[in-house]
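Coming up is one lone chain in structure tokens, specifically the form predicted alone.
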Amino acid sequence: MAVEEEAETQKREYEHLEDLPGVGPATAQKMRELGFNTVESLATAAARELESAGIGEKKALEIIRAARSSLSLSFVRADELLKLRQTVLRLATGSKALDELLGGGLETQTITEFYGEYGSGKSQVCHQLCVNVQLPPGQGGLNGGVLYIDTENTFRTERIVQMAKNLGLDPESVAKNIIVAEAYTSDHQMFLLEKSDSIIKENNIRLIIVDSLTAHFRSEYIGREMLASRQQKLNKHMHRLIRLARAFNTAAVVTNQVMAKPDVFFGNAVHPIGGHVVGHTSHTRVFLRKSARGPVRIARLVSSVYLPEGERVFKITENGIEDIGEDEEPTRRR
């Protein structure tokens, strides 16, 4: 009980960086230049990340601890963790079959990865999620906005309009709640995410999308000698994303490209880019592929922390992501 009482006594509310003990205007400005604009983002930082702001390790640890005490980040029992899990929300995809595959929809505080070949529907799913997240929770949404980092110039407002109209939403209002940032290089992509915490907080962002996660890294880091550098940057980028998702209780979605494996004669001959770094950091991985029947897509849950592997089918129409009829269902691999 003494520990609990002490923790409760230490708990404080800090709205701004300057409110933290030992943080003055100059130090706060340096931390903002490093991408730490909110107490939430600072609470999940590592002490070494503040070195560039001229903050010693001891002082950095004290600042981070104060930020964490404000957010009640501490040791908890598993039964308490079960209660905390109730704060996790779910975002519907538009297809009941796909939601079922994902255990009820995309979880907040985690990263969901959709990977597949060109035209498999990755960006289409992202566009649908941009609209769905603005719905009330009773309709599968999160009553929030979207931060969409576009690396391949795939975001289309026209598609948002189509999907919004289908759900009976005002297209202009929906578009206002989507903040799009086009990334021109991998460094620019990382910079946008590093500077996004204040945007997330001020705009009630409930969904962060990076479409595509690996396109720039794949084109800029060519050759085996650059593999280690690429993976280190991807690792940092992904961990920044999960920190933001946890700090602000948002859903995080990344799309990923694939590469062919010509030496594979049985099973799946395509492989997601990013190796173990992306594989271990993505909490849920979904492989999308085309079927022989036009708009029909097959989604396979490849890995999840607690969900079983499986497949479901859905279709992509002018209205967006939808379930299919029995007559449209292709033969699925078992």
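Everything quoted here is computed from the prediction, not taken from an experiment. Each residue number is its position in the shown sequence, starting from 1.
The protein also exists as the form predicted in complex with guanosine-5'-triphosphate (GTP); that form is not presented, and the subsequent description refers to it.
Mapping the unseen interface onto this chain, Pro137 falls outside it, with no heavy atom inside 4.5 Å of guanosine-5'-triphosphate (GTP) in the predicted bound form. Among heavy atoms of Gly145, none comes within 4.5 Å of guanosine-5'-triphosphate (GTP) in the predicted bound form.
Contact annotation: Lys122 falls within 4.5 Å of guanosine-5'-triphosphate (GTP) in the predicted bound form, judged by heavy atom distances. Within 4.5 Å of some heavy atom of guanosine-5'-triphosphate (GTP) in the predicted bound form lies at least one heavy atom of Glu117.
The stretch among 151 to 159, 137 to 145, 87 to 95, 168 to 176 whose residues place heavy atoms within 4.5 Å of guanosine-5'-triphosphate (GTP) in the predicted bound form is 151 to 159. Note on the partner interface in the predicted bound form: the residue among Gln109, Asn203, Gln257, Gln231 having a heavy atom within 4.5 angstroms of guanosine-5'-triphosphate (GTP) is Gln257. Taking guanosine-5'-triphosphate (GTP) as it sits in the predicted bound form, the stretch 305 to 321 comes within 4.5 angstroms of it through a non-hydrogen atom at Ile316, Thr317, Glu318.
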